[in-house]
Structures are given as C-alpha cells and as structure tokens.
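Below sits a lone chain in structure tokens, taken as the form predicted on its own.
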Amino acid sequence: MIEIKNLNFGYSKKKLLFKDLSMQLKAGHIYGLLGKNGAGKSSLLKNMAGLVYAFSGKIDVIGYNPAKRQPALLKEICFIPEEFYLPSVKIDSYVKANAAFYSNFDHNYFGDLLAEFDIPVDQKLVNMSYGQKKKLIIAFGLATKAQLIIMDEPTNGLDIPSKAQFRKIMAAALTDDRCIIISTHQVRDLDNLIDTVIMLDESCVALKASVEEITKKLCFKRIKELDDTVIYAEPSLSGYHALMPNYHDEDSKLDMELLFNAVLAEKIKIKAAFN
C-alpha cells in the first residue's frame, strides 16, 4: 500500500524532520502513529497525501507518487486534518460539493454514520459544536470508501462517549484492501483499536511493531518492587506499572501510554528486547 525509502524532509534544509526514514505500510491494518509534539507526525502524513514534498527519497502510495497529485490516487486518499474549515452550508450541500471527487462515495453508509454519531442533519455546519464538526468529517472520510484513510488527531474535541463510538466505527471500517493511519498524542484513545504501533522520535522510526509482536516481546504488569529485569516503570498506589522483557511468555495487555513513555526514556533497552 505505502512504501517509503530514505525520506529526507524538513521545512528548512538546515533542519530536517526526517533523515533517511524508511517504512512499509500494508492494507488491512490500522496503524497508530505516535510521537512527541514536533516529532513530525503531521508532516509524515502530509508527505503521504502529497500535501508537502520531500527533499529526497521515495514515497509510493498505491503505485503512485503522491507529490504528483494525480486524480487516480487522490480519489483513493482521504486526509482528515487536525485543523479544518467547514463552510456555512447544510450537510447535504457539503456532500453535493465534495462527494463527487470520490467515485465510490457511499451515501447510505454516510447516513448511517451520521445517525451513529447523533449528528443533526438539518443544522448548518458553522453552527455545530467542534465535536460535531469533527464527527461529521470523520463520517464523510469513511464514506468516501477510499483505500487510504489518514487521520491527524481525530479524537481531539470528542467527549468520552464519542471516543467510544469512534473506536467502534473505525474497527468496523477496516477492510482487507484499506489502510488506516491514525496519528495522535492521546495514546489511550487508540487502545483496543490499532493493530500496529509506529513511533517517531529524533528524526527516525523509534518503533514499528504489531500489538501481537509487542506483547510477545514485552510484558506489561504491576509489581511491588523494582529489579534489574525492569525496562521502565512508573509509580502507582500499589507499587509500579512496569514494562519488562517477556521471558516467560506471559499474557499481558498493551499499555500504550506506558510503552510510549518507555520508548522515549529507554530506546536502547526497548531495541534490545526486540532484537
């Protein structure tokens, strides 16, 4: 679906966000793109969508170079940005103006998503709350039936019930021929949703692994005392939330936030656990 080779990108040649960044993303997966503020998450997504251009390297998306902005590719990409503008029109007018760019747009599915998100269909877009607007563009993006869905901080502005709805809808939206990439700094919002973690740090990919691989290599558990096997730990009321090598093939649930902090603090130890 997506192949990136030796990507060098920055908003100034003197300071690159990515240096020789390479990765492959396949259809049939929901990827969680994580990283600190300024790590380049949004910039990487924009490179994939052809909204910004690299100094060097190669990006191939569904067989196309996204920088060329070819219509055959654009109709298969839906990019949902963190910041967006919606005109002062009703939903049906918005759909009429934009759905034509996507040859596979599913109007019935869009209506189902509006109902699921409890979005008022007769209200003007500018009069909606920020959370309602966010749910609207998510619903529109999924209804495009594009092969590549790119979401930058989609849960910002959503309340707790809406976040639960979002996870349910996104899990149902994945198909074998679709790739979904979700970038967020609210890592707990991706719990039980993504199947692969990508973490950016210091101009490169600090971690790229499936949830299955992570929980096979690492064990997330509560312990009372620290010992030399612990890779990273955070204090809790009853001891510590700890991350350690999974020497004994224990079953544990991925703690996304603990993993995120561990990768930032203990890159060498994390890499050693995977190697």
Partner chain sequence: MNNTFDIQRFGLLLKRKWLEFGKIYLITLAVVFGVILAAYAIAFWPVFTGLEPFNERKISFRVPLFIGLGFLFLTAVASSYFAHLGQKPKTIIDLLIPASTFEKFLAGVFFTGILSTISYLLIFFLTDVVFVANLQDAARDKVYFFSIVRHGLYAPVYILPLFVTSIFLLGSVYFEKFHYIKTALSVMVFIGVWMAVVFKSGELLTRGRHAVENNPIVHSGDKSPLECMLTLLLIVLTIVFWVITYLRLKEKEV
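It should be emphasised that the depicted structure is a prediction, and the values quoted were computed from it without experimental measurement. Numbering follows the first chain given and starts at 1.
Missing here is the form predicted together with its partner chain; even so, the following discussion is about that form.
- Using a 4.5 angstroms threshold between heavy atoms, I62 stays clear of its partner chain in the model of the complex.
- In the model of the complex, its partner chain stays beyond 4.5 Å of every heavy atom belonging to L114.
- Using a 4.5 Å cutoff between non-hydrogen atoms, K133 does not count as a contact of its partner chain in the model of the complex.
- In the model of the complex, its partner chain lies farther than 4.5 Å from every heavy atom of Y247.
- Judged by heavy atoms within 4.5 Å of its partner chain in the model of the complex, the contact stretch among the candidates 193-201, 162-170, 101-109, 175-183 is 101-109.
- For the candidate spot formed by Q70, V89 and S93, every residue has a non-hydrogen atom within 4.5 angstroms of its partner chain in the model of the complex.
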